[in-house]
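Consider the single chain below, provided in structure tokens and representing the form predicted alone.
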Amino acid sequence: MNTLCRVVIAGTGRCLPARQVTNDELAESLQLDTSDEWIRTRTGIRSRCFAGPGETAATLGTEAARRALQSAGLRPEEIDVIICATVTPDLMCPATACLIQAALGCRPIPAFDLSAACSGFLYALAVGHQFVQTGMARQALVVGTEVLSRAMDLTDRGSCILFGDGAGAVLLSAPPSVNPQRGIHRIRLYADGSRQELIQVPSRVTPQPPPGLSVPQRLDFIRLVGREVFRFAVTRMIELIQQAERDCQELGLPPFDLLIPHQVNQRIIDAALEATHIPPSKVMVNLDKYGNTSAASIPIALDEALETGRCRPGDTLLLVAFGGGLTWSSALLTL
């Protein structure tokens, strides 16, 4: 009988486009009826990064992966599988993961995309974890990468102020010997497709009008029902945090040291913290700089938290996400 391996995060990396767009620039260049103050007070976002010419989900994901490999001290030929989470792939076929594989110079290995919107990275983390835990892979590369700026209606004040582009990546490994307190302890994944109309991103093959809408209408860009999504996100974030607190007790772990939520909206995060009595000092937030980068959000924040000392080896982290699907997810792990 095979013994399940202990899986740890061996390295992290991130890549943001060079072009940073402030709230003032966004309002002025697009002639939107908005302002820096209006955006900041409603979202907490001050700026975001937009991909420039030649930058795609694959190129950003490749650079994030290179940095994660460097962090882990691994070479591309040592990767055994690549899972890429994205809703803005370069192509419908081949997978963005295959483009990343080729760009890194990996040997022939499994490489595939996964789509779960803003929960995508944690869904991909769960898949990579199972590859390594069961011995099917020794090193799994998990990437979250998005270029949402190319799927937005830049005249829609309700949505275009929220999103940005970027990529983050982690390397999952099963070391020969590891402290039993380290590693990924529990991942929880959920979906409710009956509410899929609240967040939608169309493709070139999306039927018009798309399915699931109570009032049929054409869908050419990201569609977001803000008020309903806000209520959903706050409710699910509270549930995920409370469940993780129970998991810590059940698994004999200390309370988590740092919460890294999907970087969606400061008001959503604040509402969940108030309900769960978690102090802001225990939460990693960088949405003010990057906005909502969907599947890239959590790995970008994780890498930045490690780089800036917000967390360090031995700390227990809770990662939580929620997005289109509707999907929501969490991961409890110790670095």
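Note that residue numbering begins at 1 and tracks the sequence as displayed. These numbers come from a predicted model, not from an experiment.
Beyond what is shown, the protein has a form predicted together with oxa(dethia)-CoA; the following relates to that form.
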Query raised in the report: Between the options F230, F221, F112, Y190, which residue brings a heavy atom to within 4.5 Å of oxa(dethia)-CoA in the predicted complex?
Result: F230
Query raised in the report: Looking at A244, V147, L172, I161, which has any heavy atom no more than 4.5 Å from oxa(dethia)-CoA in the predicted complex?
Result: I161
Query raised in the report: Taking heavy atoms and a 4.5 Å cut-off, does R267 contact oxa(dethia)-CoA in the predicted complex?
Result: yes
Query raised in the report: Should R195 be classed as touching oxa(dethia)-CoA in the predicted complex when contacts are defined as heavy atoms within 4.5 Å?
Result: no
Query raised in the report: Can H262 be called a contact residue for oxa(dethia)-CoA in the predicted complex at 4.5 Å between heavy atoms?
Result: yes
Query - Touches oxa(dethia)-CoA in the predicted complex: R157 (any heavy atom, 4.5 Å) - result: yes
Query raised in the report: oxa(dethia)-CoA in the predicted complex: within 4.5 Å of a heavy atom of each of T34, C118 and G226?
Result: yes
Report task. Given that the partner is absent here, state which listed stretch (64 to 72, 40 to 48, 280 to 288, 304 to 312) has heavy atoms within 4.5 Å of oxa(dethia)-CoA in the predicted complex. Result -> 40 to 48
Report task. Enumerate the residues of 281 to 303 that have a non-hydrogen atom within 4.5 Å of oxa(dethia)-CoA in the predicted complex, in sequence order, or give none. Result -> N292
